[in-house]
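Next comes just one chain, in structure tokens: the form predicted alone.
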Amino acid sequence: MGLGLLALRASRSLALNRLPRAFAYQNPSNNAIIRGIVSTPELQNPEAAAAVQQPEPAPELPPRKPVAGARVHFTNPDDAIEVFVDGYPVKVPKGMTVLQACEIAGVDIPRFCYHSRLSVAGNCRMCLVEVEKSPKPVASCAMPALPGMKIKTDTPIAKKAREGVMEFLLMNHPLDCPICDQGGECDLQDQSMAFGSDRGRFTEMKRSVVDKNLGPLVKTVMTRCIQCTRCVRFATEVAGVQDLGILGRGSGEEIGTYVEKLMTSELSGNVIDICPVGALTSKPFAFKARNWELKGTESIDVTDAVGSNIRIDSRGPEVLRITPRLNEDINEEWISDKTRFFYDGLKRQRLNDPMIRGPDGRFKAVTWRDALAVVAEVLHQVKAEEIVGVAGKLSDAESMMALKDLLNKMGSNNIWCEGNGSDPQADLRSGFLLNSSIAGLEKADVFLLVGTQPRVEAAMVNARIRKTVRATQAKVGYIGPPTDINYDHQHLGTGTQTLLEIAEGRHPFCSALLHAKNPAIIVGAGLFEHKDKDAMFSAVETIAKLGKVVRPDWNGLNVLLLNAAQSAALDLGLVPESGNSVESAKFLYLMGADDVDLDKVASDAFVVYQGHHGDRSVYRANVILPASAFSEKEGTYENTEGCSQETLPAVPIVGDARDDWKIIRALSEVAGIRLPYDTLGAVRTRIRTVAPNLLHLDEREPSAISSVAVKPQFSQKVSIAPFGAAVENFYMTDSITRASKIMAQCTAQLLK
């Protein structure tokens, strides 16, 4: 008997053993299977038959988490429509796209060209999904969701469509991953792994594109570009510059500048973040590190008063790059070029050791004990009214509190912060805050900018104003020196004469203010240094009364501060007793203050410089005390809208430097006037008694009383001199940015 026949019989017997005996038995005579018919009495009952045929109810789908914590807000509940994503019902507002509905349903749709803060382009086709009754896959980023729409994201058709799109994208893409700076955080890598095919069929020569020179900040490898046009839309819509565009068509299509020029926007570095491939990367960070080697520390920016949320990426003792963090209320997901690229200044021109200037004029490194002993000795030899302290632009709230306590214990109250002037308006918080809030500026429909250039003073506030002007066609009036403003505006005048005309109701722009629903006035903090500032602020407050800028439901009277320390300094009461205290000072304590006019300081005055960089004030100092920078310490900063935020240490302290408040605490003990705190928590407890709002982190504390209601009427005795520019060089505004090589390159190439 053949092996095949044996195998056949064995398989038959196995099958018979598995069958119920009532249904099958084997006839041994002819090896045939005889099947019997058995009736089921239950099925003869029609009610039972109907019960058997009734399908089981569909199981309830478990709730899904939206992608990346996406939230949906219904302004009008009647506008909600229901769509089905892979059978899962989800309610979305009218006008939302299919892609956004899928995100709310917890399905992540691949995309390259779509970005939530830019207009829809719909040209990468990676987001194709299947929609019931549609003859072919649709681009979910451009398709509005309709009531009852059934969306399928995981069908063979959708998968095949994505594989095809990915194959086309990779057709001309170079195999650069090992030498590409985007490697490890590249959307093209991630999506080709998740949605791409396992092979490509393209065997021809790949095309190549000439690299463009966009300046000292953005490195281009345009052969890697997939023409998603995110950078073009960002430059046009958010940055407000027409620098980038598409040239050519078909396989010859490429992105670049129309003529050979650099990208001159103050937000140009953001194209690095939004580029989904390695076409646009950071030039200073090129070939420095891979992203998985870096330690990320969440912190905030201190180069201006906005307090943009950032992540400091470091390796060992060195900061290697800075990237933005999402904060809808402050900087959204953008940061300025100064914020992004000034980090190399943190390792240049640093002060490492305490130093004392010798009789020959040279500095000599000494121990902390010797340096503090010299300072304490001089401190006791001068009169109380001759002791003056100045806090620098980058000072945190804790160090300013300690310095104020030290000087108060010595009997002096001559202490102030750079940029606030000799007689700041510190009585009411509404007199120095951005009362509308940064996000609240989007509700305004008329802006009056007085002596401020937001584009260089606070780039992220300027981006908000531009966003509002684009979205609502809000009117903007500007009083100040001629400047480059990147949105539609009226240049009303250059000085106080125009301000007085509006205050008296004689200017044509008054009608725009009177008819506005939510008018906003933004006053530049550069006016704090002006000799007629009181008259100017009175004129501004008269305009506020005229245009009903301050109401119970809206406070549009704003002051745009320049420096990170200004707001906290005014909250803590750093206000000098006399306006000419620097000239009469015999003991001058500069805590990171580099913009004080040292020519006014008496030749016999003793100057102590406590700071982290060897900047301008070091040349006049008698004693240098090295301090830690913002990236090396825990400190509290309050931004221009009154929101307190915290920096965290990302890298170790350089050399023998110490935190600012610790130096002052040690000096107080050596001088015999010991301050009553030993820890950062104890300093903050002291702050709670003076300005408790500074300890409410990530919360904006609005001012309770408006300054308009309690100010006297303005007088017309004001000089008619034009306003000056508060910031001469956007890229170099403090000791860290002045030490930065990258900022020096930007100054040389972009400010021609």
Partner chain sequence: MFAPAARLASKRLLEIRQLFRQSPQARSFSTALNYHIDSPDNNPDAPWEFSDVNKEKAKEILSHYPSNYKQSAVIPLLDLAQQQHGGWLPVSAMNAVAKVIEVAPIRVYEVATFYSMFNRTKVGKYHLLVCGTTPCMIRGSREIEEALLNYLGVKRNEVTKDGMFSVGEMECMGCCVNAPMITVADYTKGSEGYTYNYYEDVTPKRVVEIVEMLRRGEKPPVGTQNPQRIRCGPEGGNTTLLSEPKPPPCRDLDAC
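Just so we're clear, the structure is a prediction, and the values are computed from it rather than from any experiment. Residue numbers count along the first chain shown, from 1.
There is another form of the same protein, the form predicted in complex with the partner chain; it is not shown, and what comes next is about it.
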{"item": "In the predicted complex, T203 touching the partner chain (heavy atom, 4.5 Å)", "value": "yes"}
{"item": "Contact of I274 with the partner chain in the predicted complex (heavy atom, 4.5 Å)", "value": "no"}
{"item": "Partner proximity in the predicted complex: G248 to the partner chain, non-hydrogen atom cutoff 4.5 Å", "value": "yes"}
{"item": "Partner proximity in the predicted complex: Y258 to the partner chain, non-hydrogen atom cutoff 4.5 Å", "value": "yes"}
{"item": "Residue among G252, G148, G95, P508 with a heavy atom within 4.5 Å of the partner chain in the predicted complex", "value": "G252"}
{"item": "Heavy atom within 4.5 Å of the partner chain in the predicted complex - the one residue of N76, Q242, Q381, T367 that qualifies", "value": "Q242"}
{"item": "The partner chain in the predicted complex: contacted by all of V210, V232 and T236, heavy atom 4.5 Å", "value": "yes"}
{"item": "Region of this chain that lies against the partner chain in the predicted complex, out of 394-402, 195-203, 527-535, 618-626 [heavy atom, 4.5 Å]", "value": "195-203"}
